[in-house]
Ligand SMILES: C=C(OP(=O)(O)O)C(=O)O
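A single chain, nothing else alongside it, follows as structure tokens in the form predicted alone.
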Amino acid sequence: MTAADTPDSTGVHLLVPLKPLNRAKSRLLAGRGPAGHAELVTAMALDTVAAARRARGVAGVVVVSSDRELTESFTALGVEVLPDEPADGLNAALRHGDEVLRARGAHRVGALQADLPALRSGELGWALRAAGTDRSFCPDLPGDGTTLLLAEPGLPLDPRFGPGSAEAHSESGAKTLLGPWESLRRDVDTEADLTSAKTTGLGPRTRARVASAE
């Protein structure tokens, strides 16, 4: 292992999983066509990762995806992309990424959803501070999903994403993170979600993409 491959142990290493563009965020496809849809999903993910990389308490961000276009987009910005070798869904991708990072020496690993185009770095930092060293999760605004999951330092991530993931993560012993971090809870799955995210303030790439389609 080289020095460049040795993770910083003073913060959390966030995994951001992404489906192939042709299968991601299907409810945002209507009225955009495949190309416009792919550009929007990519913009949202790029804004999410950019905000996360600036947050206090984040030691690094690694994307997990086997999509060629996404890999090229993130690599161009200096973001590492791990291939989704299991190719068996979100939780399998996260377990794979968790194993890779912990094998490198990462002390703490977390998972951040890629559909948070209004994410503010400061709000993510506040949530991480509130988590302390506890296994923790942040629910989405409706309250049934999960936007952020944090493992306890030195322990596996144990992701339980899917329908009802907030309850599943709570039952796993994770502490619920509720506080002044609305942008961390405002994930985008539908057109209505995207409209609501505008009120919080979209990241620059998503804002430009939405404006170009209007």
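Residue numbers run from 1 along the displayed sequence. Just so it is clear, the model here is predicted, and its values are computed rather than measured.
There is another form of the same protein, the form predicted together with this ligand; it is not shown, and what comes next is about it.
The shortest heavy atom separation between Lys25 and this ligand in the predicted bound form is within 4.5 Å. Under a 4.5 angstroms non-hydrogen atom cutoff, this ligand in the predicted bound form has Asp115 among its neighbouring residues. Within 4.5 Å of any heavy atom of this ligand in the predicted bound form lies no heavy atom of Asp47. Remark: Thr42 does not count among the residues lining this ligand in the predicted bound form, judged by a heavy atom distance of 4.5 Å or less. Scanning Val100, Leu141, Val81, Leu90 against this ligand in the predicted bound form with a 4.5 Å heavy atom cut-off leaves one residue, Leu90.
Out of the listed residues Gly179, Pro34, Gly154, Gly162, Gly162 is the one that sits within 4.5 Å of this ligand in the predicted bound form by at least one heavy atom.
Within 4.5 angstroms of this ligand in the predicted bound form, the stretch 186-211 places a non-hydrogen atom from each of Asp187, Asp189, taken in sequence order.
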